[in-house]
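Okay, here we've got a single chain as structure tokens, the form predicted alone, with questions on binding and movement later.
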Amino acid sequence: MAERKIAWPPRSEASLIGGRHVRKDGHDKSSGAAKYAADINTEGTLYVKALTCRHAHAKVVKLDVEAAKKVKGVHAVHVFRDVDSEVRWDGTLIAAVAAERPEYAEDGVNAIRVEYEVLEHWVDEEDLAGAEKAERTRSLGENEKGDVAAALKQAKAVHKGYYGIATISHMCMEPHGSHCEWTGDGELTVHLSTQNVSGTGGQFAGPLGLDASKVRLICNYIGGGFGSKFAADEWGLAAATMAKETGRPVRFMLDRPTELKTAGTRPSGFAEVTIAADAEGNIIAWDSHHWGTSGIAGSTIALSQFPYVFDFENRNRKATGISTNTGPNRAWRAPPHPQLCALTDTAIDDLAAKLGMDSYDVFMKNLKYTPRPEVYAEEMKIGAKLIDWKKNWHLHGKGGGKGAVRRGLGMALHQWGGRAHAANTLVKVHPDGTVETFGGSQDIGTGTRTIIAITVAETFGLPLDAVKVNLGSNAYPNSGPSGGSTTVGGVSGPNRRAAQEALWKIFDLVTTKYDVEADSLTAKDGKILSNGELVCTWKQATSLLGPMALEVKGEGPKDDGLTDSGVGGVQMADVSVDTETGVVRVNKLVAVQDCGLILDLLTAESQVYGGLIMGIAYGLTEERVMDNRTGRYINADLENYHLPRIGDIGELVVEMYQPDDEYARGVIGLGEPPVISTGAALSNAVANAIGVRVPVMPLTPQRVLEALKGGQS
């Protein structure tokens, strides 16, 4: 018998892999049949409203909740911060009220009496000198490589620039929260909006004094997570506590202002950069000091990854963190790569302008300092063709129209890991031919159900709808959280392994029954074939299992070629800038992205489209705005926290880079990479259009006009 090898099928033989498949849950989501945590409304459910502090820094000196307990319809009041507690940012939870109707809960919140001693605060994330004077900074390290000083003396061009990217908040369309319900035997059922189905049950069990086996956690659908929904959180535990206290189900979803203020932010970054090149455009020196905030913890973007993607021979770098009285940091799609890219590729673009060179040529010339230069070079060529770079590019501020509206091009590139997370799965083949797979993963909107079905159906030679995918429960085999672009590899690897082993067991039964060689067998189109000739149908083959279903467990990741890590991509932007109003319009945005073997091309492209839209958001409009005087988060609502609308997007062009050698690498995660270089590409395009750098993102009309007025370059 020939050796049986775990592997993906050869690309030429794949039936489903790489095709365009409509998501298995698409109808449920589009029709409203899909039920999210925010939709769970079992009989007797109580609804929660929360009281939050409106000071950036304060001490609770008085808290009286007795009147709230007497409000009509109120059944429970939960206190988060007792008297003498220190509050360190606007939006901190103080108390929550559970009532029969939301408006009763609101009345209960209004009845709470609380007094604070207001303390000094600091919320300015950009003012390094002021933060140092206020003793709000800490060193996050510095290191050097080569001899920057010597390289600067030899340089043809030296550019010194200032760059920044503001803090943004998580803006999940389904806010953080849960529905908690206790059963008569002391078990807790939690419908949680989470990226971590297998891992959060224990987070409820420990604090509540429960055995972990008594917590059933369910998340069939989640309305966005992006790195912020890995924990039970204090509001989840509060919901469970109030449910136990009242004997009623409790639903506690954060309101929009609280979601923005306390459920997670992406750290800011600001940098002073000196960058130099020789006459041919080879970058020979990098010297930078960057700072920013992650909130009270006082961190900023990683020192070790700066400058981003490029590892120049002569490089100095230094980082400083600023502790601010603002909400805490949580991972935000590709942490902290969008910020790193925004502070690196803009400086490279400005250096190219100083050299009088096409920035495309400077990026291309310096790919030798990147981890995968050949791939980046091919992706740049594809992107340039799609956006017609050579025809439309011009020197900064020297073309793109003669009126108030000027047009420009910009580019940036990025990288990501995407290695599969640890996961287990169970593939079950019933004697009647039906197939199920079970795993404690979650579909956070990225098509997890679909790619699992593709994996298993491809292995068994069945249509996509022949596989029932069961996920979203901690009762299923453990699976890692959906973060870091690890899910597609995390679930596809174990399912492929289990399905192949199950198929081999079925082949052995077919061999005995039909007297054929096992090595000759394949499964395709619902049939079992021997050297291409029909032996039996799939159902005839599975009937040989006897009365019991065949169950095979899969594990991962393993070093067998099913999954890999390390992806890159290139993005190019074509924008128009109105120099009278400061408004930036996206004409066209091109993304060329690699990610190894693509299971579902439609889903992969959708991931990139979503990343581009989020990139346009933080590049042009999205930021947290703090009031330095009061310490308040002043745009924490959907009206003033500006996200792009359909008319703000422009034409999006997505090209998945997938030559045969990419297919051979196996599956690699894709969720994070597409959002990384969008902001830098947009910033470079704006600089190309108007001839000056708008130093800080987002590139709001006010910042554009200020840059034009100041003539910053």
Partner chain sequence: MRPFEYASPETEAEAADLLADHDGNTAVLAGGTDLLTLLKRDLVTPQRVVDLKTVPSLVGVTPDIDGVRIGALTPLDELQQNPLLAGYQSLLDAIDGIRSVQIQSMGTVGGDLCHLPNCWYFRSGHGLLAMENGESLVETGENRYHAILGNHGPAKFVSASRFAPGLISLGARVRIAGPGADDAETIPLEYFYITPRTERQGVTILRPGQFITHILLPSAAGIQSATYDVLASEGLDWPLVSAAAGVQVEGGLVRDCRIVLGHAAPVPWIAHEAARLLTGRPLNEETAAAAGAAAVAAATPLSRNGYKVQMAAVAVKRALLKATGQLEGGL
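Residue numbers count along the first chain shown, from 1. This is a predicted model, so every value here is computed, not measured.
Omitted here: the form predicted together with the partner chain. The next part is about that form.
- None of Met253, Leu367, Met171, Val405 but one reaches within 4.5 angstroms of the partner chain in the predicted bound form through a heavy atom, and that residue is Val405.
- With the partner removed from view, the residue among Val692, Val696, Leu705, Ala14 that has a non-hydrogen atom within 4.5 Å of the partner chain in the predicted bound form turns out to be Leu705.
- The stretch among 298 to 306, 442 to 450, 630 to 638, 600 to 608 whose residues place heavy atoms within 4.5 Å of the partner chain in the predicted bound form is 630 to 638.
- Within this chain, Asn282 is remote from the site of the partner chain in the predicted bound form, having no heavy atom within 4.5 Å.
- Heavy atoms of Lys553 never reach within 4.5 Å of the partner chain in the predicted bound form, leaving it off the interface.
- Contact annotation for Glu662: none of its heavy atoms lies within 4.5 Å of the partner chain in the predicted bound form.
- The closest heavy atom approach of His642 to the partner chain in the predicted bound form falls within 4.5 Å.
- Contacts with the partner chain in the predicted bound form, taken as any heavy atom within 4.5 Å, map to no residue of 321 to 341.
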